[in-house]
Ligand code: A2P
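Okay, so here's just one chain, in structure tokens, the form predicted on its own.
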Amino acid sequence: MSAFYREKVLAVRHWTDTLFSFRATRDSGFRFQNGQFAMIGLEVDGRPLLRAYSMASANHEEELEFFSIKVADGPLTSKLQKIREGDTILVGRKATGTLVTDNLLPGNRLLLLSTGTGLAPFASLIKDPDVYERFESIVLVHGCRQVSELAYGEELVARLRDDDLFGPLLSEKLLYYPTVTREPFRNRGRITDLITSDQLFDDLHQGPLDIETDRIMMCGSPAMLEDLKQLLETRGFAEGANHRPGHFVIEKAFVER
């Protein structure tokens, strides 16, 4: 048996000069938990060229969706960004990853902290009805350099707010907080600074970080992940992993190439 599913590209959308998303068919045998990633890529010169990508689609959806950066000289993304409808991609048969709710201790508020394409696993998670059952409120934070880079997340949330099933859940439980660092915008600043200063929570009219009630998932740039991990651990938060739930979990499989 091949280690990969061969899936057909159904649509490609370029959001900026550096960001694009694409949808592909999904084999009925491909199973994953919301928040997980798989190895995906292309066949190049008869050999698979792969990187870890989080599914941006939910596990109940019939198609797969991925959100990617473009790197001009990246071994994979330099080629992947050129895919078109009808092309074939490879999808690894096994999904994995730490950004699943079972890796967190019970809590009341779930903070989903992302930068750039680190938003992808949370695009999957906010389409999971179980997440809304487990937590009283969900805060989705997406940090980017420029305002244009927020477009994928903004459209995602807007679309879900109009959805018959998720609209009522979102209006009751989901708070979306986009922020940028290099342009004027209603929310400005790095995620670590916004948490340390309590600006994030003040803007959302919520209480500050609380180890008793807050659970955190993080995905994004390595620098952001390291800074947030240090911030949380100095406040007593413990990192969770598969089979060892904690106060926060980190996804380290981040595509930069």
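Just so it is clear, the structure is predicted and the values come from calculations on it, not from any experiment. When you see a residue number, it is the position in the sequence shown, counting from 1.
What comes next is about the form predicted in complex with the named molecule, which does not appear here.
Is every one of Gln36, Ala52 and Pro121 within 4.5 Å of the named molecule in the predicted complex, counting heavy atoms?
No: none of Gln36, Ala52 and Pro121 comes within 4.5 Å of the named molecule in the predicted complex.
Choose one stretch from 82 to 90, 143 to 151, 99 to 107, 157 to 165: the one whose residues place a heavy atom within 4.5 angstroms of the named molecule in the predicted complex.
The contacting stretch here is 143 to 151.
Report whether the minimum heavy atom distance between Thr181 and the named molecule in the predicted complex is within 4.5 Å.
Although the named molecule is absent here, Thr181 would touch it in the predicted complex, with heavy atoms inside 4.5 Å.
Find out whether any non-hydrogen atom of Ala223 is located within 4.5 angstroms of the named molecule in the predicted complex, and reply yes or no.
Contact check for Ala223: yes, within 4.5 Å of the named molecule in the predicted complex.
Against the named molecule in the predicted complex, would Arg190 count as a contact residue? Criterion: heavy atoms within 4.5 Å.
Within the cut-off, so yes.
Within 4.5 Å, heavy atoms only: does Glu61 come near the named molecule in the predicted complex?
No.
Give me the residue from Asp227, Asp210, Asp203, Glu43 that has a heavy atom within 4.5 Å of the named molecule in the predicted complex.
Selected residue: Asp227.
Could you list which residues of 113 to 142 come within 4.5 Å of the named molecule in the predicted complex, counting heavy atoms only?
Heavy-atom contacts to the named molecule in the predicted complex: only Thr115.
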